Ligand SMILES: NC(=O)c1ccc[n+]([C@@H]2O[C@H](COP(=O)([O-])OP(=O)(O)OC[C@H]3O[C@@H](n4cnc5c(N)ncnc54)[C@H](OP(=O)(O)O)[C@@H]3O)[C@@H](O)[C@H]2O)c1
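The form predicted on its own is given below as one chain in structure tokens.
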Amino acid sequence: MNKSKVLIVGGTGYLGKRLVKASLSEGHETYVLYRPEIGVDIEKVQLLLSFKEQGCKLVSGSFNDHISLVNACKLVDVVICAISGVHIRSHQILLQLKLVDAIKEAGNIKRFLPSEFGTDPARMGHAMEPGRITFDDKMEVRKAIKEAGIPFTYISANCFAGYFLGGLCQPGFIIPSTHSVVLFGDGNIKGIYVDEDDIAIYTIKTIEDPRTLNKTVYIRPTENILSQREVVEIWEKLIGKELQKSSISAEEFLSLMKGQSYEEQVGMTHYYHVCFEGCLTNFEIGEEDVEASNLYPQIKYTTVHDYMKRYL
């Protein structure tokens, strides 16, 4: 069977570059969209050139040029978008509405995977301001996909390990402390932490799988469903030292948000829902959706223990 041709939008980003690597490793003819207005962003240019050396095809296209998006879509079978939805970097989720229009006009795309990759927005109707904008925008894109009749797969990858494990689940930290940690409440609410390279591998596996068509795929590696306290205990065993622990209540955490910038408040509300409410683990996956590590048991995912060893 001929493998699908894949277009990756946002291929030079944090997750995008991993999707490019995974797509190539799975033998897909891989196209990467790049903006002609890239200017003097030399790091992105060099990354694009490295993709080309690995066998990618570079395609010029812009969200400001509808025809260029349509032409890019006509080259492939599958479109994966990985533009940023994280406010502390840049929040561009609604730009995908232009991509939906282009996919609809092209008329040949067998599968579209929009930029989701975190908490399932369909389960976050109760989310607080200002963080709910992330989920509302993703749901607006989903609505456009449905109205356009585009085949889709939504990837709910839960917590990116680099953001959460690197800071022992504390916002604003990406290197684990060897001295102290602040626990959210009693630290026993479960989260789900996934290596970013694993997210990319699972994502690419779904694109030709009929079991994932028009479904949400949750990435829930069993060994990585852990509480903050359990994450801390893994780190303590690795460094051979017990951290000094303090705790913060939900009310105290919310009060801390008031003096933060808008971007920081968005991020902190997401931490609140994950670490105080348990929004990633307080539901069962229904029959209408699927779980990645069950679908692809042959993939040896990275455990939290192995991920955190890199910080030693």
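Note that residue numbering follows the sequence shown and begins at 1. Computed from a predicted structure; not experimentally measured.
There is another form of the same protein, the form predicted in complex with this ligand; it is not shown, and what comes next is about it.
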In the predicted bound form, the residue from P176, G85, P121, G191 that sits within 4.5 Å of this ligand by heavy atoms: G85
At 4.5 Å between heavy atoms, only one of the stretches 65-73, 240-248, 254-262, 38-46 reaches this ligand in the predicted bound form; which one is it? 38-46
Does this ligand come within 4.5 Å of a heavy atom in each of L95, S115 and F160 in the predicted bound form? yes
Is it the case that F164, even though its partner is missing from this view, gets within 4.5 Å of this ligand in the predicted bound form, heavy atoms only? yes
Taking any heavy atom pair closer than or equal to 4.5 Å as contact, tell me whether A22 reaches this ligand in the predicted bound form. no
Would A292 count as touching this ligand in the predicted bound form under a 4.5 Å heavy atom rule? no
How about R111 - does it come within 4.5 Å of this ligand in the predicted bound form, if we only consider non-hydrogen atoms? no
